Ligand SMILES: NC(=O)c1ccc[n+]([C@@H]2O[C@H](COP(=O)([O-])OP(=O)(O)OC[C@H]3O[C@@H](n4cnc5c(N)ncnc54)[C@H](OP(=O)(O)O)[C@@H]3O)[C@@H](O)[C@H]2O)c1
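Okay, here we've got a single chain as structure tokens, the form predicted on its own, with questions on binding and movement later.
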């Protein structure tokens, strides 16, 4: 069984999540940044790829005191679990997420992660290493459910990770902020990775909510559960 998996991303009007140089995502409004915390607070865990943690210098925290208190009132931890995935084990112990106390950090990686680095990271996080070239997503998510009680998680980046989730059918809902900005760039990443990287099958969603706030458009999409030509029930066991 796996958790429900949401994604929360911001894109430009031409469908980019970053520039071709992978600069930090700073093209949305302060109101959108506040929504980030609100959506985080709805989940048991936050999932990001190692490149996003590094590029955006993420702490993966909820800084709003009222959101933390509301979670506590619901019987939850003040902040969600922080989960970072890296197939090659390129984890930097100096990342911001390791700098100060906060919710636990879980690293999902493979035995490609060097032994010396494992010893350095051991006091800083929970390491889960899989004996495979890449992290087996189904096994990793099942472990998060069984060992950490994660019933829902939100993926915040990057596009390659989201593309992998989509390719496996592990994407249930998307929270999307569309900003009135153009980046251009043939090599700039999109929601599911870099241009030219196609999904094995298309995923169809329906719009649950569409709202204009300021100059930004907010979309909440939910996956259509249609088993047929473009879908399969093999990965649909949810918590």
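Please read all numbers here as calculations on a predicted model, not as lab measurements. Residue numbers count along the first chain shown, from 1.
Although it is not shown, the form predicted together with the named molecule is what the next lines describe.
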| query | finding |
| --- | --- |
| Residue 59: touches the named molecule in the model of the complex, heavy atom cutoff 4.5 angstroms | no |
| 4.5 Å heavy atom contact, residue 22 and the named molecule in the model of the complex | yes |
| Residue 157, heavy atom within 4.5 angstroms of the named molecule in the model of the complex | yes |
| Close approach of residue 73 to the named molecule in the model of the complex, 4.5 Å, heavy atom | no |
| Position in contact with the named molecule when the complex is considered in the model of the complex, options 55, 181, 64, 29, heavy atoms within 4.5 Å | 55 |
| Heavy atom within 4.5 Å of the named molecule in the model of the complex - residue from 150, 105, 85, 166 | 85 |
| The named molecule in the model of the complex: contacted by all of 45, 78 and 174, heavy atom 4.5 Å | no |
| Residues in 35-55 with any heavy atom within 4.5 Å of the named molecule in the model of the complex | 49, 50, 51, 52, 55 |
